[in-house]
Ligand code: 5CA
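Okay, here we've got a single chain as structure tokens, the form predicted on its own, with questions on binding and movement later.
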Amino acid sequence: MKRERWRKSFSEWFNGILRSADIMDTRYPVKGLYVWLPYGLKLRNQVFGVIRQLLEQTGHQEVLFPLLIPEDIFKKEAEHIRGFEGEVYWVTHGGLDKLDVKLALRPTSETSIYPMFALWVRSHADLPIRVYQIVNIFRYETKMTKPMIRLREVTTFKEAHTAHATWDEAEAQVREAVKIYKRFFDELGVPYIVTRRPPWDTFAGAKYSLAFDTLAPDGRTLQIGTAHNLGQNFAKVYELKFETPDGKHEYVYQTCYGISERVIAAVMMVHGDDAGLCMPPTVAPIQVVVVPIPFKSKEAPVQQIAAAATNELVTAGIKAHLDDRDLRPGRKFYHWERRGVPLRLEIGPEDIEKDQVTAVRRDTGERQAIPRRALRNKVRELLEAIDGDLRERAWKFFKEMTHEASDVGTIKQLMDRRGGIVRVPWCGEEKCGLELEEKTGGDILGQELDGKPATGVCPICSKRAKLNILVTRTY
């Protein structure tokens, strides 16, 4: 399928597909707040079902904390509040009564969860704690809002929070979080790069931050996941201590890691094309759509065979849907192509005569006949092939858009012409990093995790490079 418009007019493509594919309605009368539509909500639930399963398999337990955080509790961690002070929504009244203590709508949940951790943890036997929740958060975003990408209400925020007895255990948990996210994004076929964020872009209150980024078709990067080692910063503020085996009292070490509905945007943008969405079968709300193509005097057998084929697939655990609406086949084809259903099965009188169905792949448009007796196995094979091919196509684009450069002019030229990610040698000085951002008009993602050693010199000060950093333009 063609991808010219998908690439050159990505913003227009994305905004158009939200409504036409039944994903999201952007007309809600509060800026930065949007309405999930039925098909979009099914996609959302499929994607977050994957991360739920991965978290549960690795010892995390789901919890649900309140939305409101008292001002005095929220403001205890000074560095954290400084990081969010311009983004917080405050509740000041209950009905007509002014509240004695203002309540913050959570911008994230460290300050609501950790006081409760302090009540739950008494001894080393209570550790480790690994919990997560999937909730909405509110941030007063002052930049231009964009559905799923830059919001004032993030309706789908998965945040995990852990507590440990030692720094080493917390470090191991951060590494585990990275593994979980890699498995998650691999399952979605979304390519990524993992970086250690520079000091000026570290989560407020964290010792350090790691982040996952992917690429939009227009060459800009989108942050799709973060993991933070919090050390004992929050533990010391909220008196989160435990008794060691030898009777001493120590502060716990903590981590947190999160993803949001940006992941949904990533799935849509990474796999789409000019015709619309192109869903990976692993998370597609509908994996197979069956379209009967009846002719006069042969309508009944076509409808019956189509219904039987649909039931056979559903019984086999495949998410199949029978489109028996009284519409022309062409309209049905367009409808499901727009929504990215991975596989379409057409059944007409000729197919019945040959005891077959005609399968059409959404990603390539390739048509092939499937013997009726081999329907389940062949459909499974095709869905697996589509999953693998979409993943391969996405990574190919990602690698093609990753460059190397060692001077300001080339970095700026690459980003102006193609966008993408540029790997650059850096001396490690914050002053040079900020100047590099200013001169190139880009943003520094940070040091690539497990990246190759640096060579050459810093493009700003010409000192020997200590590490490589990634420069890009971000959403």
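Note that the coordinates shown come from a computational prediction; the quantities given were computed from them, not determined experimentally. We number the residues from 1 along the sequence you see.
In what follows, reference is made to the form predicted in complex with this ligand, a form of this protein that is not presented.
Enquirer: Among the candidate residues V341, A177, V190, I259, which is the single one with a non-hydrogen atom no more than 4.5 Å from this ligand in the predicted bound form?
Expert: When this ligand is considered in the predicted bound form, the option within 4.5 Å is I259.
Enquirer: Using a 4.5 Å heavy atom cut-off, which residue among W336, F74, Y253, F157 comes into contact with this ligand in the predicted bound form?
Expert: None of the other options qualify; the answer is F157.
Enquirer: Can you tell me if E141 lies within 4.5 angstroms of this ligand in the predicted bound form, counting non-hydrogen atoms only?
Expert: Answer yes; at least one heavy atom of E141 falls within 4.5 Å of this ligand in the predicted bound form.
Enquirer: I149 near this ligand in the predicted bound form, any heavy atom under 4.5 Å?
Expert: Although this ligand is absent here, I149 would touch it in the predicted bound form, with heavy atoms inside 4.5 Å.
Enquirer: With a 4.5 Å heavy atom cut-off, would you call T108 a contact of this ligand in the predicted bound form?
Expert: T108 belongs to the contact set for this ligand.
Enquirer: Check H228 for me: does it contact this ligand in the predicted bound form (non-hydrogen atoms, 4.5 angstroms)?
Expert: Output for H228 is yes: heavy atoms within 4.5 Å of this ligand.
Enquirer: Quick one: which of 285-293, 313-321, 353-361, 219-227 gets within 4.5 Å of this ligand in the predicted bound form, going by heavy atoms?
Expert: Only one stretch passes the 4.5 Å heavy-atom test: 219-227.
Enquirer: For the stretch 186-204, return the residues whose heavy atoms include at least one within 4.5 Å of this ligand in the predicted bound form, in the order they occur.
Expert: Residue within 4.5 Å: F203, and no other.
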